[in-house]
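To begin, one chain is listed below as structure tokens, in the form predicted alone.
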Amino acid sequence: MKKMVITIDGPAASGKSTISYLLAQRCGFNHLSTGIFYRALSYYMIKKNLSEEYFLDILETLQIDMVFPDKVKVEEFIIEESLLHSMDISNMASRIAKIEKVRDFLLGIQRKIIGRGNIVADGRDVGTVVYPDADFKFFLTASSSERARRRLLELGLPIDRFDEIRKEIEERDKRDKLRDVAPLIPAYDAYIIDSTYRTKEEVVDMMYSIITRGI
């Protein structure tokens, strides 16, 4: 039987990583959040106190790999995914994701891992750029207010940070949509799902139903 690739794209804090993980469990597949590589490189830059110029000079010499289920190896660092969700790392990841050299470097790594099949991969351009031949493509979205609420809960931040977090999310949406390299847009053949008023279980059920009907 042909091995299957499922992609889930969407903006920051739309829930795509959680949904992808749960869908992968439902399908018995591996899960890959492609943004983890940008975050891991950002973590490496911050830990090593590297300037962007020096980082770009050494980028192609870096050894980076996925250690399933939830770690990334960058040189001597084996990084737990749970360490990669601070706002500093998120903002750095958004900046370096706009750099074509960085995207080209990671593209080959991402395609190699996804190409092994039986995987649910999520990100911002997986179905459009990284793996456009995926068997099923989804684009998950939610209102900026709902995404800010989720981010507050995820980071354990007080409610008085809500407006600040929502503004950061909206600014990141704008950057991601307007960037010249791989802008944030749904694939033409993606199923678009708004999760604002749906639980994660309801979203997974919807996706799984689409997949099983289409096999």
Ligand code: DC
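Residue indices: 1-based, along the sequence shown. On a predicted model such as this, the values are computed, not experimentally measured, just so you know. C-alpha atoms forming the largest set that superposes within 1.5 Å between two forms make up the rigid core.
From this point on, the text means the form predicted in complex with 2'-deoxycytidine-5'-monophosphate, which you will not see here.
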Exercise: A93 in contact with 2'-deoxycytidine-5'-monophosphate in the predicted complex, heavy atom 4.5 Å: yes
Touches 2'-deoxycytidine-5'-monophosphate in the predicted complex: A97 (any heavy atom, 4.5 Å): yes
2'-deoxycytidine-5'-monophosphate contact at R103 in the predicted complex, heavy atom, 4.5 Å: yes
R166, heavy atom within 4.5 angstroms of 2'-deoxycytidine-5'-monophosphate in the predicted complex: no
Segment that reaches 2'-deoxycytidine-5'-monophosphate in the predicted complex - one of 56-64, 38-46, 24-32, 154-162, heavy atoms within 4.5 Å: 38-46
Core fit, then E154 C-alpha moves 2 Å or more between the shown form and the other one: yes
Flag for R175, CA shift 2 Å or larger between the shown form and the other one after aligning core: yes
